[in-house]
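In structure tokens, one chain follows: the form predicted on its own.
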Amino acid sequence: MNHSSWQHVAKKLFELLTSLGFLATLTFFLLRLLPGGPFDDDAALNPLVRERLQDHWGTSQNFLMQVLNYLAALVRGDLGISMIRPDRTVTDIISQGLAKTFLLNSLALIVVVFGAFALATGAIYWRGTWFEKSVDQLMVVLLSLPSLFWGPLLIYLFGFYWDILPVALLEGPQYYILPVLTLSARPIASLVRLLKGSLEENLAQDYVRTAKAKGLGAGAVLFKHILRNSWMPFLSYAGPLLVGLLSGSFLVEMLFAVPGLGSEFIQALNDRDYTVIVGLTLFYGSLLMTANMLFDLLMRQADPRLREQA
């Protein structure tokens, strides 16, 4: 990379760090707006014990001091200890739930990317046929209905009506099928429409007519020329795609009783476990921001026009 590219990387890293600091502050502020707390009056605690706990965790301090103390610990790499489960650190909770969540989202991402490319290229290759019409209609259906609909429907059909797939936990390969399908439904529809539009736009370019004039067949033109020039929309959508998968996994993990980060986050919200909530928020935030930064760098390397921008 040249000097301009390194400057861009430094700028993105600075934006990442400042954004995480802002995210931690905003999360602290929003938590204080929520009713209740880990040691509020509704908790079955002796008043003296409650006061000791509030002093220990600093919840009786003013908001600014709490934020500054947390940011100082964050700089040291310390995400803190769970308020409700003091025998476990936030880092341990994240590391324990990360494997299930990472595998679930990785499988969904593979299904979305490869499935979308297969359906989009197939629809372009067989334009005007029943296949293209079926793909278009299926994508409309998938986009129209949320995961909250697909999850229970798949559970009923495959888990109870036909009784051929398990519907809870992730104890084997077959356990991933329904959660992955539920998580992939809407993202794959969005990506198919995006790729199909990009392929159709490239199909009308002059280089396609030139390739056909040279005697190349429709398949060779599609896979050797059109598909190769249709990656930019995918890279631009990669960031929102990851956001959609990670945010959707919260609901999917709840529906299928997956012991992952989404379940931990929902449990922490119910318990008002501030340290776990903020830790998970920062983890997800840093993951998404880092992914967006990497895809931005890939787009700059793939498109010379972006490298020329200040």
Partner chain sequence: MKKFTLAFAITVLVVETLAVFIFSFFLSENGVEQNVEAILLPPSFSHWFGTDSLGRDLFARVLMGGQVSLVVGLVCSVLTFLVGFTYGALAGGLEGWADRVLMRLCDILLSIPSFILVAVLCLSVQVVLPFESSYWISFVSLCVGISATHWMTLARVTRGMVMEIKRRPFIEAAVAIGGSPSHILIRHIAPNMMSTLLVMVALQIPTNILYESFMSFIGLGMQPPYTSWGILVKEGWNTLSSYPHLLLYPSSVLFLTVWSFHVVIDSLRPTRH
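Numbering follows the first chain given and starts at 1. In this text the structure is predicted, and so the values were computed from the model without any measurement.
Although not depicted, the form predicted together with its partner chain is the subject of the following passage.
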_Heavy atom within 4.5 Å of its partner chain in the predicted bound form - the one residue of G197, P233, P86, G115 that qualifies_ = G197
*Is every one of K100, S184 and L294 in contact with its partner chain in the predicted bound form, taking contact as a heavy atom within 4.5 Å?*
no
*Region of this chain that lies against its partner chain in the predicted bound form, out of 136-144, 171-179, 89-97, 104-112 [heavy atom, 4.5 Å]*: 136-144
*Using heavy atoms and a 4.5 Å limit, would one call L23 a contact residue for its partner chain in the predicted bound form?*
yes
*Would N270 sit within 4.5 Å of its partner chain in the predicted bound form, counting heavy atoms only?*
yes
*Answer yes if any heavy atom of M289 is within 4.5 Å of a heavy atom of its partner chain in the predicted bound form; otherwise answer no.*
yes
*Does its partner chain come within 4.5 Å of any heavy atom of N69 in the predicted bound form?*
no
*If you look in the predicted bound form, which residues in 148-176 sit within 4.5 Å of its partner chain (heavy atoms)?*
L148, F149, P152, L153, I155, Y156, F160
